[in-house]
Each structure stands twice: as structure tokens, then as C-alpha cells.
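As C-alpha cells, one chain now follows by itself in the form predicted alone.
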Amino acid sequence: MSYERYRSGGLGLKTGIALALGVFAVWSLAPIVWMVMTSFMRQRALIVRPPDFSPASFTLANVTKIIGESDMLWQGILNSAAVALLSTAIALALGAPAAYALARLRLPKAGAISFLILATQMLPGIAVAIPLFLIISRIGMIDHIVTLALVYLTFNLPIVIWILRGFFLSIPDSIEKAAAVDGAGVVQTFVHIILPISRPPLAAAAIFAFVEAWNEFFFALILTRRSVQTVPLVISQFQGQYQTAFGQMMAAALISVLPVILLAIVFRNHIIRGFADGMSKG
């Protein structure tokens, strides 16, 4: 629906859209609200049916215990940060030139190549889990940060290319023609002109890649042991054989999402503008 049609619509249309957006917001925020509430509730208040939401059921013990005693969680955060940063840096370093080549160098079948790159996202991870594990174990790279970063690159790189290609397609040809007149080659134009004006989509692609790597669980489960366990794996260990420490698990999850929330807040303008520009012609 176009913005002009929305403005010209009646009260019923606007009310219906507002209600739909409100329901979607509640649906999206409900898990986050439940996570925050559970982080500050006692175990016995959570295992009863229905849960006990009386004031006496809330406590800071879960959060203080996680912050003060869970060295494994902090190590998991460091591991996740290292893996996500490395994977994101490689994805941007490879994805930006690839996206520029597909968008501006008039390669034959560039659109089809871009679609095939994005189509790799349709392959389920479990389909390659066993051969990937066998290969990595035979070369002795199980439980390494570089291994996880390279594996995460397989699903971060296509998205980075897709987002940046859409933005590069929207750049006027006059910019590159002016650079060519001044004697700049393709590489010089890309490095000194295109990249500086591409900060919003670069930031959006970087945040997306970082979050994807930060939250990944499946490959981290099969490719790590103890020393390189990431945050999702550490959080899953609060589930025991006979009982799950729900409060501590949610407190750990709450702490783990704070870096991502901080990134979203700091770079929110770049994210919104970057995705809008990147998807405009993608």
C-alpha cells in the first residue's frame, strides 16, 4: 500500500492498519517481555501453573548470580564476539567488492548470479552438517574460532552481497563517469568514492551479519567443544536432566542480548537507511 493511498484513506482504513500494527508489536515484544520478567522471578514461582506474579516472587538473585559467578557466560560472550566480528569483517571485505562487480561492471548474467548467491540460503544447514564435520575434524580444526567464523561466512556473505548490490545499483552513473574523467580506475573509484558514500548500507549489512553470527546455535553445537563455546551454547547448559534453571537461563539470555540491542540503538539510523537503500533495487 502506497503512502499516498494511506493518507487519502478513511478513518476505518487507518484504524485497521493501526490495530494490525499494534497486534504485530505485541506479538513481537511478548517474548522479550517474558524473558525480562523471568530473569527476575524465583524458580518456585515459575514452575507452578499458572506462574506466580506476586511481588514476593521477584528477586535480583538470578541476575547477580549470573554476573558474579558465571565465568562460562563471560567466556561465551568473548567467544561469540570474536567469531561474529571476524566473520562480519571477512563478509564485508569479500562481499563489498563482489556486490560492486555484480552491480556496476556489467557482468553477463549478473542478475542470475546474484539470485544463485542468495539461493544458497535455501539450503538447510543440517544437509551439510555431517560432511562439514568430517572435513573439519580431519584437518584438526574442531573447536577453533576461525572455523566458526568461516562457516558463518557461508550464510553471511550472500546477504551482504544482496544488500550492497541493491545500493550500488541505485548510485548514479555520473559519479563513476566523473571519476573516470579525472583518471580514476575501477579500484580507485570503488575505494575512494563508492565506499565512503556507502556507509549506511555497509553498517546495515555489518549489523545483520554480526547478529546472525552472534545468535547461531546449530553449527556451534557440532563444531565446538569447551574452549570456543559461544553464548547460545552456554545458555542451553542451564537446562538440566531433571530441572531447568529458568530464571538463570533467562538472566543469561538477557545479558547476552544487551550488546546486540546497544548496537541497534547506536546505529539505528544507519540500519534503517541502509536497508531502505539496499533493498530498493535488490
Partner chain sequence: MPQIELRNVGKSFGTFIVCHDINLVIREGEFLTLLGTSGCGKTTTLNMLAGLEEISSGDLLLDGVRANHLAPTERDVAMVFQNYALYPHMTVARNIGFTLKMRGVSRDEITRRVTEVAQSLELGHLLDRLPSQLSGGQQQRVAIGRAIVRRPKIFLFDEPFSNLDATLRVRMRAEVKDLHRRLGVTSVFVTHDQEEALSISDRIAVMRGGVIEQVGTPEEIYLHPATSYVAGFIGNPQITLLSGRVQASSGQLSVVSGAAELPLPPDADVTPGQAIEFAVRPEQVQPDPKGHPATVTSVQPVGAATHVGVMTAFGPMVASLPRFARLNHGETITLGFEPAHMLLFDATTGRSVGRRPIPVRKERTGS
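Quick caveat, the model's predicted, so the values are computed rather than measured. Positions refer to the first chain, counted from 1.
Omitted from view is the form predicted together with its partner chain, to which the following refers.
Asks: Ok, Ile197, Leu134, Leu116, Met72: which has a heavy atom sitting within 4.5 Å of its partner chain in the predicted bound form?
Replies: After the contact test, the surviving option is Ile197.
Asks: From the list Ile142, Ala98, Val211, Ile193, which entry has a heavy atom within 4.5 Å of its partner chain in the predicted bound form?
Replies: By the 4.5 Å heavy-atom cutoff, the listed residue in contact is Ile193.
Asks: Determine whether any heavy atom of Leu86 comes within 4.5 Å of a heavy atom of its partner chain in the predicted bound form, and answer yes or no.
Replies: Heavy-atom contact with its partner chain at 4.5 Å: absent for Leu86.
Asks: Given that its partner chain is not shown alongside this chain, does Lys177 nevertheless sit within 4.5 Å of it in the predicted bound form, heavy atom to heavy atom?
Replies: Lys177: contacts its partner chain in the predicted bound form.
Asks: Give a yes or no for Met122: in the predicted bound form, does one of its heavy atoms lie within 4.5 Å of a heavy atom belonging to its partner chain?
Replies: Looking in the predicted bound form, residue contacts with its partner chain do not include Met122, since no heavy atom lies within 4.5 Å.
Asks: Taking its partner chain as it sits in the predicted bound form, is Gln188 in contact with it (heavy atom to heavy atom, 4.5 Å or less)?
Replies: Close contact exists here: in the predicted bound form, Gln188 approaches its partner chain to within 4.5 Å, heavy atoms only.
Asks: Name the stretch, out of 134-142, 169-177, 77-85, 150-158, where some heavy atom lies within 4.5 Å of its partner chain in the predicted bound form.
Replies: Within 4.5 Å of the partner lies stretch 169-177.
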